[in-house]
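Quick heads-up: it's one chain on its own, the form predicted on its own, in structure tokens.
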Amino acid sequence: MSETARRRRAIVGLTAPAYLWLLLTIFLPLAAMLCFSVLTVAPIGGREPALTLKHYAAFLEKDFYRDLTWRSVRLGLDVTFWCVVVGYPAAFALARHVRGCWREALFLLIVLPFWSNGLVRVFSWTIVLRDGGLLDRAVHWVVPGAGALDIIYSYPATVIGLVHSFVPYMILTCYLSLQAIDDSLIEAARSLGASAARTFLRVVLPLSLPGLVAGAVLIFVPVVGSFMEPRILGGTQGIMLGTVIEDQFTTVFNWPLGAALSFILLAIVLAVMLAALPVLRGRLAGAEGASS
């Protein structure tokens, strides 16, 4: 057996369990949900379903679903934007300016939210954002006589809760890219007369773009379909496509409609990613060229 054949067999042997696991846990459930989405009723309890596309047609015919889709996509973009605004500077400071035990302490603070239940984290924000809550008291302590600060059950409250939940992903992915940048490249730029701002824009930012893109994808995709944070923190203002999909499965028991809306949301997310792919590919190619 040739060396190439041995290498291919080793690669197949090492990767086959992972792909088999993905097949069982992702593609098979998706295939089952796709079958549900073209049925009139869920085939449970002795009911006889028939094939139909009315659930997909309902999305195209009703403005309600299209408005919810835009709200969900907008939520994903807003949360991703604020995660970049908050997470990238934090990752830059950790990678380039913080050393020793302080870095470990800050990393502990970053990953600390993962050690608590997500539902507990979301409910804790209701205590902070409500009228008379911690944020309202802090504002009145700084500015006595200020009006009540009650932003619970609103769109900003939903964004705040989601940013808190997902900003660690942005910090960690950006940190890995920033940490991998060779210090000699920055020193070369400074020795050639580049200012700190120009060095950042022409060297650091392009080379850290892969981590920024990875973080944006890890945040945007789950946020678009989120339902727990919008339901608890948004109230009537937090009705998104994800909350409607959850209702179809848990309350209305209309699994075919929920499955159809899920696949439509998946298609929209993939369309957004494909639309941004040429721009991202060009930026990533530029980053690779700069590093070489």
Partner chain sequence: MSRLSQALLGAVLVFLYMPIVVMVVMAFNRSALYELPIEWDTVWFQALAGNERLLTASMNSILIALANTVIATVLGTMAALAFARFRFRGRNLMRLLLLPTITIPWLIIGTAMLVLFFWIGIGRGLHAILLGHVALSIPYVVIVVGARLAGFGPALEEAAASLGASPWQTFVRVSFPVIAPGVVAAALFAFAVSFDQFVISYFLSPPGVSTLPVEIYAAIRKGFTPEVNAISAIIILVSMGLMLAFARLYRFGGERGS
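Residue numbers count along the first chain shown, from 1. Not measured: the values here are computed from a predicted model. Between two forms, the rigid core is the largest collection of C-alphas that superpose within 1.5 Å.
Below, we refer to the form predicted together with its partner chain, which is not included among the displayed structures.
Exactly one of 139, 181, 201, 127 has a non-hydrogen atom within 4.5 Å of its partner chain in the predicted bound form; which residue is it?
Selected residue: 127.
Of 93, 205, 188, 77, the one that lies within 4.5 Å of its partner chain in the predicted bound form (heavy atoms)
Looking at 93, 205, 188, 77 one by one, just 93 meets the 4.5 Å heavy-atom criterion.
Should the three residues 54, 73 and 144 be counted as contacting its partner chain in the predicted bound form, with contact defined as a heavy atom within 4.5 Å for each?
No, none of 54, 73 and 144 comes within 4.5 Å of its partner chain in the predicted bound form.
Please determine whether residue 50 contacts its partner chain in the predicted bound form, using a 4.5 Å cut-off between heavy atoms.
Contact check for residue 50: no, nothing within 4.5 Å of its partner chain in the predicted bound form.
Is there a heavy atom of residue 69 no more than 4.5 Å from a heavy atom of its partner chain in the predicted bound form?
Residue 69: no, not in contact with its partner chain in the predicted bound form.
Please check if residue 210 has a heavy atom lying within 4.5 Å of any heavy atom of its partner chain in the predicted bound form.
Because no heavy atom of residue 210 falls inside 4.5 Å of its partner chain in the predicted bound form, the answer is no.
Does residue 65 reach its partner chain in the predicted bound form, with heavy atoms at most 4.5 Å apart?
Close contact is absent here: in the predicted bound form, residue 65 is far from its partner chain, nothing within 4.5 Å, heavy atoms only.
What are the residues of 11 to 28, in order along the chain, with a heavy atom within 4.5 Å of its partner chain in the predicted bound form?
If the 4.5 Å heavy-atom criterion is applied to its partner chain in the predicted bound form, 11 to 28 yields 11, 13, 14, 15, 17, 18, 19, 21, 22, 24, 25, 26, 27, 28.
Indicate whether residue 184 shows a C-alpha shift of 2 Å or more between this form and the one not shown, with the rigid core used for the fit.
No: residue 184 shifts by under 2 Å between this form and the one not shown.
Assuming the CA distance changes by 3 angstroms or more, are residue 77 and residue 115 closer together or farther apart in the predicted bound form compared with the shown structure?
Residue 77 and residue 115 sit closer together in the predicted bound form.
Taking the cut-off of 3 Å or more as given, in which direction does the distance between the C-alpha atoms of residue 223 and residue 115 change in the predicted bound form, closer or farther?
Between the C-alphas of residue 115 and residue 223, the gap narrows in the predicted bound form (3 Å or more compared with this form).
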